[in-house]
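Shown here is one chain on its own, the form predicted on its own, set out as structure tokens.
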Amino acid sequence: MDLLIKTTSLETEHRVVLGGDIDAFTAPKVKETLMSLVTKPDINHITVDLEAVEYMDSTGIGIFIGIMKECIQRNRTFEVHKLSPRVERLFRITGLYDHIAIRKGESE
């Protein structure tokens, strides 16, 4: 499946909606999109919605670890939102679930 990337911005917060597959083929575009937001001085908070992500491999996990570390270094907050069941399982298996900020729904 192709990769879907949709971004919206609200003042100092930026939301990215990803869909499809995050793998070795699509990972460079995901990394480029997220890193461009992290390096913007006027962005303080980044949320990534993963509800529509159907598949993610270790390349995708590596991207999220790298983005999380970069946000910490730049004093920005980063969280993932609405993990699909497959992605949540992958985050749990790899231990990332316990180290990254996760919101499960709109009200949380």
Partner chain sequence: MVTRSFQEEYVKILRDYLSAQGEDQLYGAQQLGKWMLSQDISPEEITDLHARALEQLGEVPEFVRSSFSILTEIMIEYGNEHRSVNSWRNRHQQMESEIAVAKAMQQSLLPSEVPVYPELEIGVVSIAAKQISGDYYDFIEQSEGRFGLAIADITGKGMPAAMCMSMVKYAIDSLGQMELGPDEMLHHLNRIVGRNIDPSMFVTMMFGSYDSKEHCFRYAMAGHEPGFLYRSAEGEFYDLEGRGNALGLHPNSAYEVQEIHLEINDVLILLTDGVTECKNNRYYLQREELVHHLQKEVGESAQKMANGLYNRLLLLSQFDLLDDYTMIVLRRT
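Positions refer to the first chain, counted from 1. Since this is a predicted model, take the numbers as computed values, not measurements.
What comes next is about the form predicted together with the partner chain, which does not appear here.
The partner chain in the model of the complex is approached by T59, whose closest heavy atom lies within 4.5 angstroms of it.
Proximity of L50 to the partner chain in the model of the complex: non-hydrogen atoms within 4.5 Å are absent; the residue sits far from the partner. Taking the partner from elsewhere, M68 is found to have a heavy atom lying within 4.5 Å of the partner chain in the model of the complex. Proximity of S9 to the partner chain in the model of the complex falls outside the 4.5 Å heavy atom cutoff.
Taking R74, K40, H45, K31 one by one, only a single residue has any non-hydrogen atom within 4.5 Å of the partner chain in the model of the complex, and it is K31. With contact defined as any non-hydrogen atom lying within 4.5 angstroms of the partner chain in the model of the complex, the contacting residues in 39-55 are E54, Y55, given in sequence order.
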